[in-house]
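In the block that follows, a single chain appears as structure tokens, in the form predicted alone.
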Amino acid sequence: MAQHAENAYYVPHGTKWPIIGSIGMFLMLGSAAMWLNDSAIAKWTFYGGAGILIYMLVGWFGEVIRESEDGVYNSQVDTSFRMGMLWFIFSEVMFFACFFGALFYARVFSVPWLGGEGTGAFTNEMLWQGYQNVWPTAGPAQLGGEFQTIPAFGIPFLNTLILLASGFTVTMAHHALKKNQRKALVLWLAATVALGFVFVFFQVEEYIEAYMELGLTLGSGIYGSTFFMLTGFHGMHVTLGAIMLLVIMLRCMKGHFKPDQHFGFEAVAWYWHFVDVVWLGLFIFVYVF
């Protein structure tokens, strides 16, 4: 049994979920490798691993929710959850910093060197004579093919407004929760979820336009690869964040969370604000400049 006295150090009970999740991830990663090598069964084992992973996530989170609602967790557990979420968001900051770093290195160092600037004169003379330092670029000799860029003040700007609005609505939902205004809480959360999925819809539209009309793909040189890696991973984070917000909204509709005890809500709100901040960096450094 778990200890849950207020001043006792919380000791969680044994659980099957970590080993189940490990099996699912092993199947997914192993199947992905075999899929790349044209294995006949890899596709189905990959889907099986994904199903096991989803089963683990639903089961484990459901168990945590039940324990939280039963009052099992004390203040020490709340502190542990907060520290864990902060470290998780820090890891996400480092994740995106790597891709922003790749974009910065390409624009500030690699492309100018290839164009003959600074210490790159020898590289330009020996490898890519006539290559000019321009951005965006498909690489020397247009190795990535011809493409057009997506205007910043079209869908990207609209998506920026959508995410900024969603940051406001989730903040209003938080204020409603602290005042125990349940109806306003659910309405503001519903608005946030809707804005999140609208963002994803417009990003899909943007990708279709990029591939079908503008010739911009992952293979379009360093610009195409950094563009899709940054925006694609951000879009994945928005999708996951919107799903998490949807779950929180459903929990609020069931009466979960208290004005003075609602870390589950706060954790998702932190994550959503992080997603907003990353998009502002993307909009400025990928689309505008």
Partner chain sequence: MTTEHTHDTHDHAGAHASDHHDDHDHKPTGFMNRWLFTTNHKDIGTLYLVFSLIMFLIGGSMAMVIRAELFMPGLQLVEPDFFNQMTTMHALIMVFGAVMPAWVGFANWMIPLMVGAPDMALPRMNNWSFWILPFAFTMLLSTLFMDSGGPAAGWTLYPPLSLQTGQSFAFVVFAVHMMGVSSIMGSINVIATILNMRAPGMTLLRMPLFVWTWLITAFLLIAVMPVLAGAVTMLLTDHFFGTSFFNAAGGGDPVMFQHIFWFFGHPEVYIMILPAFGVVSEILPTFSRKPLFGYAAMVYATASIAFLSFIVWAHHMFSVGMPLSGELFFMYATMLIAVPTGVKVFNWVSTMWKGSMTFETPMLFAIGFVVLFTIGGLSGLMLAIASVDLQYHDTYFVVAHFHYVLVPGAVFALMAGTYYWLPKWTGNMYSEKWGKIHFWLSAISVNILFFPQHYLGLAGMPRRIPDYSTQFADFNMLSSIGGFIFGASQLIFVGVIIHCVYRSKVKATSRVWEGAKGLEWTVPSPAPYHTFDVPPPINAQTVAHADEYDH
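Residue numbers count along the first chain shown, from 1. Quick caveat: nothing in here was measured; it's all calculated off a predicted structure.
The form predicted together with its partner chain exists for this protein as well; it is not shown, and the discussion that follows is about that form.
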item	value
Selected contact from Val247, Met253, Val64, Ala50, since only one has a non-hydrogen atom within 4.5 angstroms of its partner chain in the predicted complex	Val64
Residues Pro12, Leu36 and Phe233 all lining its partner chain in the predicted complex, heavy atom within 4.5 Å	yes
Answer range among 193-201, 154-162, 177-185, 212-220 for contact with its partner chain, defined in the predicted complex as heavy atoms within 4.5 Å	212-220
Contact flag, Pro140 vs its partner chain in the predicted complex, heavy atom cut 4.5 Å	yes
Partner contact for Phe122 in the predicted complex: its partner chain, 4.5 angstroms, heavy atom	no
Contact flag, Trp60 vs its partner chain in the predicted complex, heavy atom cut 4.5 Å	yes
Gly84, heavy atom within 4.5 angstroms of its partner chain in the predicted complex	yes
Heavy atom within 4.5 Å of its partner chain in the predicted complex - qualifying residues of 14-50	Gly14, Thr15, Lys16, Pro18, Ile19, Gly21, Ser22, Ile23, Met25, Phe26, Leu29, Gly30, Ala32, Ala33, Met34, Leu36, Asn37
